[in-house]
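Alright, two takes on the same chain below, each alone as structure tokens: structure 1 and structure 2.
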Structure 1
């Protein structure tokens, strides 16, 4: 008689897919505690496939106050009443464990999945009988390959790294949050829930710093020259490339001298654009935001659903490379059966003659390859899922195509031997990969009859006033990119962190998905920068991320990293604790829990010897300094006229606008 084994998947859909793949469809469905599980026989053994419900255990502590460095792992249904449903899943696993000889962890192969599987098997006292399955998609071939190559033990390095990350995040969050709550309670006598975190806090500080620059932006005028030339009955708009003009007068002086333009140089070049690599999670999230306006978290959740449906490979990856063993020709032939892709794949296979060499990026992920369609054809799905699936599939198809070829004509125009203008005409002459990936704009190249030494007729020339721009606001997509570049968070956590900042009321969306800080977000950012500068910096967050990677590579040990974090937190908490009253007062004023003289514009506390809060006081100073720059640029402008112009401009920072309007309203009242 054979042995019995328990295969633990992370979610119910994954459990069913694994059972179907390993049993050749000959499975028995069971129900216990209203939870489904499956069994099958193979190689003389019996296998039960059961699902966890995501994370089943988390960290808690009975220690009150802070610092708190003593903690333990407990079932989530004990810690959080909202997780009570997870208890029945664990009950099924525990009951089945009583009749099996060993365990096979088949949770997602990343730090989260490895910790989920580890904590379950640990609770069953089965660590010495546990093995690990590793796969990157839920198609039959990949699951079978993983089953045939089961690791003889658990992936201990990844487990250690995952436990380290969980414990670091908990230590950071619980201690800083409790310090803030205590400071607030000491001043107001009331409770408040404020969250802070190892990844969350530096991300909030970054947005707040960018937004402060934007809100204090005074648009300063500068001048350029617009010129339009006529060449063989065709008009071309030229770009001014001369020295910028700080005053209107100097721009007008040069403009008055321009009568004709001579073509000083003409360059015609051919430019190639390589196919983009297949998506990793970050690039998929940014592209879905650019094309469809999907938030990164929405894209991530849709991609995870597509993975569970076996339509795409595992999405939480940073890789831009496809696996060497992947049978791309078979995948393309299966995709070719779908009406959306039949004609373009036929064209691709004819173009490549069946020799498929994917374009790949530099980034690698030791756990998973880039995201690719598995070749399983989608059945009915909603519009959102189709959009993400189609995006992944077309990107995958395009990566096997040829380079796109563009022509670029660059012409430079001079006046009295000084180059002042440039004309650039570019367009595509060979579509290459762009015919398979229609989400890029490509115009056809149109040649222009321009020759060096020719003198061209000016149809129009005039001075154009422009204004300095503030930095671009963050949206969820470019904030995610900043987090990637700074190595803040992981592929699976970044989108969730951004949503947490919005949910907590620290950030809010405006316009077309732009992010800005709320008053509470501004205040918390100031507190973090002032009292927790080290632990709210990206440098420290990145340092500990590198430690976590070092644990995976056996260059660090978990207890060493945790002890270093505890020492650091002890010092930070001690230093910040000495300013507890100041922190509490700032929080109390910002949440209107303490009466104070208010800024004449907003509800923030008024500065001593000022009618404004700290933010609007900075704005007033910037507004006064900007007036000097405006006078230099325009020659002369009255104060009132300046303020009225500032109020008209969309580029004006919101705090600057507040102050300008307030001054004008006060002048009107005084005038009356």
Structure 2
């Protein structure tokens, strides 16, 4: 009789793939408590492959108050109402554990996976009988290699690093969150739910900084010339590229002088656009937002659904590379049976003559490849699900295709040797991959008969007044991109954390999905920057990464790192605690709990020696400075007229608008 072993995977899909890879396909499927597991025999032994459902244990604490430095690990199905379903997964694991001789942790090979496996084996009292399989893909050969070269014990350094990550996040997040709530409660006597964290707080601060600039934006007029030329019966709109005008008068003077333009230079260039790489979660979320207006979280939910239906591969990946050994030809042939894709796949196979070399992106992932369709044909599904499936599939098909070719013509126009205008025409001359992925704008190239030295007639020319623009607002998709670029959060958490900022009332959506800060969001951002500079910056994540690295390489121990963090945190909490009253007061103002000493415009606290709060006071200063710029540009304009113009402009920042309106209304009252 051989021995029995329990192989623990991180998720059910992985468990099945591992069982298949190690058994040459001869597996038995079992069900217990509505959870699947698999068994097979190899080298005379019996193996049961079971699955966790992500993290099964988490940190919690009895201590209700603050600060809190004591905590312990508990099953998630007990401490988190939304994790009740995990109980049945653990029941199966515990049940089977009774008949096995040892454990094999086969969770994803990263710090989180190692913690997931460790916590389960620890709960089973099996740490001395546990081994670790290390693989970074679920391709049969990789899993087999991991099995043949199994680690004789658990990967302790990585486990320790993962535990450190968990503890640090908990300590920083919970303590600062509680300090804020307590400060508020002591001023107002009311409860409030406030939060701070290594990922959410820098993200909130980023939006708040962008929005501060936008809300304080005073549009300043400037002048440019719009000209239209007529060449062989075709009209072309030119862009002014000459020296900027300081005043309206100088623009008008130049305009009156221009009669004809000489084509000074013409450049014709060919630009190629390589096929896009297959999606990772971030690029899929951005495209779904751009094309369909889906929020990143919605796209993620749908992609997870498609993954559970076995229609697409694992979606929570950052990789832009398909697996090396993926049988693309057989996937494409199966997809070809679908009426939507039949003709384009026939065309692709003809175009590539069956030589399939997928485009790749730079980004990688420690445990998962890029997202691709599995070749399982979709049944009936709702519209939005189909949209995401279709995006993934077309992107996959397109990545085997050829470059798209664009032509670009740039022409420069001068008067007396001074280049004043530019014309740029571009368009596609060879469709390439855009034929398969039709979600990109593609004008066809229309050649223009422009030759250097020719003199062209101006059909229309006039001075145009424009206004300076504020920076673009964030939306959920480009905020997610910012998080990716700053490398904070993970594929599974970024969209969720953005939703937390909205749900807690720190950010709100307006217009077509733009994000702005609420008063509470602005105040929290100010509090973080003033009292908790560490948690306001993405550098805290870098610091955590250094710790994790040091622990994996045995340069530091978890205990040291945690003690160091507690020491720093104690000091930070103590210093901020000394300002608890003022933190509480600004929070109370921001939630409209105080009526005295209020700004004349909003609910924030009034500054000393001002009728306005700090923000409206800044806005007042910007408004006064803007008046000087307006006078320079327009010659001369009255203060009142200036304010009225400012109120009319869409580009005006909201605090500027508030103050301008407020001044005007006061003048009206005083005039009566």
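Bear in mind the structure is a predicted one, so any value in this text is a computation, not a measurement. We call the rigid core whatever largest set of C-alpha positions still superposes within 1.5 Å between the two forms. Positions refer to the first chain, counted from 1.
Of the two forms shown, structure 2 is the one predicted together with the DNA. Residue 144 is among the residues whose C-alpha shifts by 2 Å or more between structure 1 and structure 2 once the rigid core is aligned.
For residue 231, the Cα coordinates differ by under 2 angstroms between structure 1 and structure 2 after the core has been superposed. Relative to the superposed rigid core, the position of the CA of residue 633 differs between structure 1 and structure 2 by less than 2 Å. The shift recorded for the CA atom of residue 156 between structure 1 and structure 2 is 6.2 Å, with superposition on the rigid core.
Aligning the rigid core leaves the CA of residue 19 displaced by 9.2 Å between structure 1 and structure 2.
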